[in-house]
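Heads up, the chain below is alone and in the form predicted alone; it's given as structure tokens.
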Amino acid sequence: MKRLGILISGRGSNLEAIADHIARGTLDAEIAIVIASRAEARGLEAARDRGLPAISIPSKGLDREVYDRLLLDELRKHAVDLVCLAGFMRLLSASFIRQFPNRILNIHPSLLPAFSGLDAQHQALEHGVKITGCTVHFVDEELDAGPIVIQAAVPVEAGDTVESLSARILKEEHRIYSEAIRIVLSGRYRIEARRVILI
């Protein structure tokens, strides 16, 4: 069975959604380790409540390369096949990414390439778009720019706030992240230029 390493910084709701899919048998994988970049991340408690191995490696004050080596050691120790960023609020170094070629996934709350970086929901509202959504993509050395595995569209409603829009996008995130993991673990895809083509 393929082993997932899930990296979080906050509440871990996507981690919980992935764990739910595994528990229901709709995702054939196991969570080998959950690593939080903040000791106070709520997702650590959520992981431990489910009996998942979970640790924090606090990133504050650490050089990126130094921190990423600590991450890498922990992921290797747990024989992780696929790294899943689930609200992980750090940029990974190029040297880390090269250790997991096309084996790091991220979920982002917009229809990339629109509204990359922080506060994507706020950016969408400021821009006045009618449709936004979420994207699961491979992580490469550019911010939010790797090949896209799957996306889901979410309409923007007239009275939306950042909170109301975020909540609707999050529902779709919980659905599509496990679907993307399933696709990648199956190996039934190929990457041509920037396109992920399902086989």
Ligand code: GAR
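In this text the structure is predicted, and so the values were computed from the model without any measurement. From 1 onward, residues are counted along the sequence shown.
Not pictured, yet referred to below: the form predicted in complex with the ligand.
Can any non-hydrogen atom of residue 114 be found within 4.5 angstroms of the ligand in the model of the complex?
Close contact is absent here: in the model of the complex, residue 114 is far from the ligand, nothing within 4.5 Å, heavy atoms only.
Classify residue 182 as contacting or not contacting the ligand in the model of the complex by the rule of any non-hydrogen atom within 4.5 angstroms, answering yes or no.
Answer no; every heavy atom of residue 182 is more than 4.5 Å from the ligand in the model of the complex.
Please run the contact check for residue 178 against the ligand in the model of the complex: heavy atoms, 4.5 angstroms, yes or no?
No, residue 178 sits far enough from the ligand in the model of the complex that none of its heavy atoms falls within 4.5 Å.
I'd like to know if residue 29 sits close to the ligand in the model of the complex, meaning any non-hydrogen atom pair within 4.5 angstroms.
Contact check for residue 29: no, nothing within 4.5 Å of the ligand in the model of the complex.
Candidate stretches 59 to 67, 31 to 39, 154 to 162, 167 to 175 - the one whose heavy atoms come within 4.5 Å of the ligand in the model of the complex
This holds for exactly one stretch, 167 to 175.
Within 4.5 Å of the ligand in the model of the complex, heavy atoms considered, which of 83, 107, 92, 124?
Of 83, 107, 92, 124, the residue with a heavy atom within 4.5 Å of the ligand in the model of the complex is 107.
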